[in-house]
Structure formats: C-alpha cells, structure tokens
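Alright, here's a single protein chain in two forms, structure 1 and structure 2, each given by itself as structure tokens.
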Structure 1
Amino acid sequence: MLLLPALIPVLLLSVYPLVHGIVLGFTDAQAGYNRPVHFNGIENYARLMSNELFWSSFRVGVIWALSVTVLQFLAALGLALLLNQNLRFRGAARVLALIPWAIPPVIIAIIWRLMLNPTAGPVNSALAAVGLPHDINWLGDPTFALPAVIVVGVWAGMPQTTVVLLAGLQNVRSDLHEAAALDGAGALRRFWHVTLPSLRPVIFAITTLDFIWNFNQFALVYVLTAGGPGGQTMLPMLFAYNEAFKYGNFGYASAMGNVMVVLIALTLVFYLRHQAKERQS
C-alpha cells in the first residue's frame, strides 16, 4: 500500500489525458477559450460514417501501413540473414545499415525530397543514365506519390526491424540445424522448418509494433507531401490533425481517433488469433 503514491503521477499524467481524449470524441468540443462543451452522443460517428474523405484517408492509411510493414519485414529479414552469416565487413555493414535509425523523421523526409526532386534529384538522374523515363515528379504525381512515400517509409524503418530479427536469429538453436542437416534437409528446407518457426514470436512482435507505428505515422509524410497530391498520401493522422488544428473541431477529430483505435485493435485481435491458430497446428 505504501507503493500506491508512486502511481499517482502516472494516473494524472498518463491515464487522465488518454481517458479525456476518448471522452472528447463524444462531445462537440471546439478550439478556443471558454466555449461550452456538450455531449452529443454518437453524432460525431454518424457524421463520420458519411464522411467519404475520412474513409478514403483510412484506406490510404491501411495500404500504407500494410505495404510498409510487409516490405520492411521482407527486406529486413534478408539483411538480417546476411548479417548473421560469417561475412567479412559484417560489423561495418551492420553499423552502416543502422544509419536511417539515427536520423529524425523530418530530416529523412527532407533528404528524400531532395533525392526525388524531379529536375535535380539523383533518382531521376540515375534513371536517365540507364535510358529510362527521367521526368517523373515522384511526390507530385498521383500515380507515383504513394509508392514513393512507401519506399521512404521502408527505408526509415528497416534498421529497427533488422536489429530485432538479427537478435532473434542469433537465438535460434544451432543443434536443431545440425540435426536437420544430418537428416538431409537442404538450406531452404532448414530455413523453412527450423529458422522460421523459432523466429515466429519475434516476427510476430516486431510486425505488430511496425504496423501500429506505421499506421500512426505523421512527420515523415507531412514533410514529404503534406497528404497531397489530391489526398493520395493523406494518412488518417494527417487528416485528423487538419480537422483539429486547422478547423478547430476537437470533438470531431477525437472521434476519428477513437475510430482508429477500435479498428487497429480489431485488426490486431484478428492477427493474434490467426497467429495462435498457426502455432497450434
């Protein structure tokens, strides 16, 4: 009981704001001083149901988060497998591969804006050098903006995923590999039947976290495209930010936040169930 006072600051600083945020989603709160706030029940949600812009941003968010998480995982797994080999320069490669982790998201976005610059950027220069079309406005063209932003997202998040997977690989028991090799299993089959199953908890943890982080991404895309062109890269967080701090609709923006939490939670429950079933079989 003596220990309970230690939890009071946590209640005040962490629990209270989050609960308040959820509650605001059921009110008509607006920005500005001394505006009376009323509960309006599910009115915000009824309005949201017919808000096509919100759902289109939600769709963009899901495509973005899924693509980045999956591509990031596959790329990071490849790199982690390489770094787990007894290659020369392995240590140097490991440090170099961590570079994106060390750079704050806003600076990552600026670097890639320069890289993808239509006239002076090295990406288009490289395309020109091999004779491909080189006048692509990567971040300004509705066809290319989302794929380009996804590549930047993969670049930014790869190091963390790689480090976690590498740690997992180093915990795979080598005697299992030896036993499988004695039984005549080739490298691919051993990867599939020994490495992957022992890595599963780590894979599960990191892809779950990556998905949540990516879905809630803000700074990277805000600086890269600010949601444009024509809403093609308007992630839900950008949409809710505009609603709250451009138009001042605090209650409505909080309702969007609530919808996001519920849908993320449902996705995760589904994923968790699926994982648990796979483990049983």
Structure 2
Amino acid sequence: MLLLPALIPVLLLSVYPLVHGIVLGFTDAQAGYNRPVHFNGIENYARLMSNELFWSSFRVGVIWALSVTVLQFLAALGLALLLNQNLRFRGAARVLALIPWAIPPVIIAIIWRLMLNPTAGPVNSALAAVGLPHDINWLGDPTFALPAVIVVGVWAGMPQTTVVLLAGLQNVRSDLHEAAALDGAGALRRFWHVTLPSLRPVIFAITTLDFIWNFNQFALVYVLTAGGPGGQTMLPMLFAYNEAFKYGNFGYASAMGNVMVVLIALTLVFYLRHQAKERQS
C-alpha cells in the first residue's frame, strides 16, 4: 500500500502506454474519429518485413547510433582525461563542458541549422576564410547530411558521457599509477594498462546506454532534417512518426515501435547479463 503513490503514475504513464502500443501493433487502427479497429494478427509485421523503406531507415539508424556512440565515447574520453588534470580554471571548464547537456535538443538543432546554413552560416564562412570549399549545403546534400547530423549528435550527447567517464577516472586508484610509474611505465602505457582496465565497467555501461539513447533519437534529427534529403537521415523513429501522424497508420506505426522495443530489450538483456557477470567476478 505504501508503494501505491509511486506505482500508480508508473502504471498509468509508462506501463499502460507500452501495453496499448503493443496491442495496437496487431490491429489495423487508423487516424479518424470513431473508426472501427480490427485485429489483423501479424499482417502489419509481414508488411513491415517487405517494406524496403523501413529497412533503409533501420540501416540509417544503426549507422547513426553506432557512429554517434563511438565518436561520443572517444571525444568524451579525451575531454574527461583533460578535465581530470589539475589545471587552472578546471571548475569553470567542467561547467562549460556540461552546457550542451543543459540545452533542449530542439534548441540545439535550431542553433546548428543556423550554423550549417549554406549561405550565411558560420561554418561555411570559416571554410571560406581558410580557402576551402564553402558552398556546401550541409543538411540538404545527400552526401553530407548524415555526417553533419552525426557531428551534431556527438556534440549534443558528449557531456553526459564525459561526466560518467570523469567520475570513473576519479575512482581509479592512484597507487596503481604510482606503482606502474616506478616500474618505468610511461603515460601511454599507464593509460592502456591501468586506466582503461579500471574504466571497463563504466565504459561498457555508458556506451550501451548511449547506443540505446541514440537509436531512439527523434527530436534532434527531426528538427535538423526531418529525415531528408531523400531519406538519408530517416531514422526508424522518424519513419514510425511519419506513418502514425502524417499518414494516420497507427497500427502499422505501432508495429514498427514494437520491433524497436524488442531490439532495445535485447540490448538491455545483453547489458544486464554483462553487469551480473561483473558482479559475480
């Protein structure tokens, strides 16, 4: 009974929408007032498996999630190592590093749209100033759209990864570094043989969660490109959104969501099993 005040909002706002979405995935539900809804079994899933546009969006989503996750980790690790040093104004630098985390994704996307503007954006202006090609339509050219969106995703998501890695670095035992230094190990060898092994549980946890967050990304990419040009940045979430709210195919869109829920659940199972093995060892 004491848990009910916390349990009821979870049931209403999390469990019920999830169950309702799963049920809708097995129906022909469409937008419209008082439209009849019929159970159609796995028809939506059979249609989904033969939809090349969905598989294309899934491929783009995997490329996006993997690229952003890996680049986020590398950039955040470098920044965390820097912020872990005993430098002047370290506190101010840590605050500045967290600024992207404090900005809503929609605002981040609007800022970067202005920066990547092909005619008046500062990015092309900077390229022109150093004599490089500067007539690039970063978000409108199929060649550059996905790389540009990946860069924005890395910038937007790097702070939380930095914070987690920085916390992990501060828990690395200093006596291990001192012992390695006495044995003649340089900074690079100490990083490779002491720092990275100590950070392994943290690295696995944050990269797994980053992959899930990035695969589920919607607002940032929607405001930047809305999936264009030509579907080059059409993530699975954007594809499902268009099917539901642009074309009114609620049942079909729910089936897409169910497929993504299964994939994310499998990733979580892999993560939890790894965590359990770490605790046992």
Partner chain sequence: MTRSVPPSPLRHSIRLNLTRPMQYLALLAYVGFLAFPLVFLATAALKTPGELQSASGGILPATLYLGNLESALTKVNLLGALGNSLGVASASTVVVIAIALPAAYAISRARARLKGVAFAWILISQMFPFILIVIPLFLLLTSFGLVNSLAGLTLVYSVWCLPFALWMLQGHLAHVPLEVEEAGAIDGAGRLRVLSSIVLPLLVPGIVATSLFTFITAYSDFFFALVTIRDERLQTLPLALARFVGAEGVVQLGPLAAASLIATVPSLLFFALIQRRLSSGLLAGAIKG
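Whichever C-alpha set is largest while still superposing within 1.5 Å between the two forms counts as the rigid core. Note that this is a predicted model, so its numbers are computed, not measured. One-based numbering along structure 1's sequence throughout.
Between the two displayed forms of this chain, it is structure 2 that matches the form predicted alone. Relative to the superposed core, residue 12 has its Cα moved 4.0 Å between structure 1 and structure 2. In the core-superposed comparison between structure 1 and structure 2, the CA atom of residue 270 travels 5.8 Å.
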